[in-house]
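What follows is one chain in structure tokens, specifically the form predicted on its own.
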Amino acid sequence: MRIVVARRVSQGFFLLLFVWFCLVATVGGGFLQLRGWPINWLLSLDPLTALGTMLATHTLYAPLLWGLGVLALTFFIGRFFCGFACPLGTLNQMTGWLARLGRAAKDRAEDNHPGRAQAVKYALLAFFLGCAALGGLQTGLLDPLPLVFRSVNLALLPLADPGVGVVHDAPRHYEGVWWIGLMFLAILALNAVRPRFFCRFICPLGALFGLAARVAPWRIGKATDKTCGDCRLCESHCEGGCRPSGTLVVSECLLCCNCLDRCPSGRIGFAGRASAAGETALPDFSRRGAVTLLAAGAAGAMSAPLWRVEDAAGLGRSPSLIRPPGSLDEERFLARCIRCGQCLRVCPSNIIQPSVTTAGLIGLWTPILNYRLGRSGCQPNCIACGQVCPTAAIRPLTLQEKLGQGDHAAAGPLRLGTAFVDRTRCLPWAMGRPCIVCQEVCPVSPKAIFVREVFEPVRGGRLPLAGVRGSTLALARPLAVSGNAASGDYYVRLLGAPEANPVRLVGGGGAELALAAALPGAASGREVEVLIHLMQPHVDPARCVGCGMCEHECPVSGLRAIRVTSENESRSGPGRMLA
């Protein structure tokens, strides 16, 4: 088999594997649902994730050892991952090829001429690593594997399957996903400017592989230093912009192997020696190049405090910053989260959303809970998000730990925050309307939301009696209430007898009221008052786990009358309710 055919087979395999992992990241037992598939395996192959989290946390999550293995192999055979495995690289290669159909070989060769701008990605790598060294892990913004997972899971799959039931059982929505989708489309569109534009100029993971490839003993190169003709077929099909016909830019070779396949004289091969026509590499480690890289790394390190300018992790953080169950404390969470979107994709309630402004700039596109969106609150029997997090920023939980059962009974259930009743918007508190939805949907046992029974006089409900016949009261003027007086929520009591038990109103209206029983002391000439029976909700912070069921189901549109904030969350001390 020709090596180019082998490379295409490998690219197709990894691309299909990537698509498969995206499709099956759905909670359920069906064939197209999560049932033990290793959906994080491709993300585990990313050495930039391993290196970034190591710098930020001084630890290495065991599954990321796969990434160090990939990096070690790159030291021997060069950037094989870029040419044979990276799904974003394959998509870039496909779109670049489509954009150049019909173009002359000379023009294609000019597009593939190497340039100094290809060193930009090394500066980006130094910047991100410098930032990670001070705890600000931002590699996921441009790291190709988290980027392509985030883009396809959040932007493309909801468009491809808008609730028809193949991938999702209901329409999915993600806040601010337009920016993620536009960024992905821009990366693909840039391939019309240069083949594999993102891989050549931007990709920090490619830069890491490029540094390792500088010392790889096995590499592509010319077997002789004899001058080639002017066919330039190798350069017209080169994906890396590494000048295979002349002085090879060894760190830029993506191992696409097109030069081997296209060379009519067979001068280019894969061997355990340097190219006979000479080699160079990016970045230039001369004084000027080294200073540029050091400056980029220092800029990344110094920018770490600027990422936190909004103090998302400190006392000034937004109370709306609610992380998924099992999330580490904010400092450690930000040092591990790579913004891959796996937890957002797998959440069956669709309440895990990408943060746009809530977590500040440092937390851009990290997962937060939004109980207004999705189909419910955080389901008590679901721990899917922690099971799919590739870096344990959301640590894997057991159901017993989440619910505070068994060995975790002493610690109690995991708390995401606490619900607070807004009495200025709550129907029983502010408007005198019966409503107990939040108390009914509270899943905690005993319920964290309890109600206190009150009887409040209704507006215009003070009425003189014209007569009394058993349990029927004749009114001197008709009753006018905005609700259904016979709904069972209305009661009647003699005016001036607050200690008397009110009697339920079961019918009537207009000039007569039918009561459930005779009203003691009622007589012609006396006055009665009509009361409404209300169940005013209260929250027990000792029992509330912040699941958000109450906020999601609250019938008040717009700003909900009961809302969950991160106060009293389990994961960190600064989040406690009392200062």
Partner chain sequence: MTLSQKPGVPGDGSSPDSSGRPADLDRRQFLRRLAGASILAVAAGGLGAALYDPKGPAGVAGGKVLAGLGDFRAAPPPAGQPRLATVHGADRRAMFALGVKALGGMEAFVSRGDVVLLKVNAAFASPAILGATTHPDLLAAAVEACRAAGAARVVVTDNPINSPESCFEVSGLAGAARSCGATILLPRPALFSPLTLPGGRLLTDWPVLAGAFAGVTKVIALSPVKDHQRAGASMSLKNFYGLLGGRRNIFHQDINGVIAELGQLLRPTLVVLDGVSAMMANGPTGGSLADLKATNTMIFSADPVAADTLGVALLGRTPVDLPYLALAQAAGVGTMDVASLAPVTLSLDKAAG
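Numbering follows the first chain given and starts at 1. Keep in mind it's a predicted model, so treat the numbers as computed, not measured.
Same protein, other form: the form predicted together with the partner chain, not shown, and the subject of what follows.
In the predicted complex, at least one heavy atom of K447 sits within 4.5 Å of the partner chain. When the partner chain is considered in the predicted complex, R571 lies well away from it, no heavy atom lying within 4.5 Å.
Although the partner is absent from this view, E529 stays clear of the partner chain in the predicted complex, with no non-hydrogen atom inside 4.5 angstroms. Looking at T358, you'd find every heavy atom of it more than 4.5 angstroms from the partner chain in the predicted complex. For the options E401, E279, D111, D489, the one in contact with the partner chain in the predicted complex, meaning a heavy atom within 4.5 Å, is D489. With the partner removed from view, the residue among Q387, T90, Q439, N370 that has a non-hydrogen atom within 4.5 Å of the partner chain in the predicted complex turns out to be Q439. Annotated contact segment (heavy atom within 4.5 Å of the partner chain in the predicted complex): 447-455, selected among 289-297, 447-455, 269-277, 461-469.
Interface residues of 544-564, taken as those with a heavy atom within 4.5 Å of the partner chain in the predicted complex (partner not displayed): M549, H552, E553, C554, P555, S557, R560, in sequence order.
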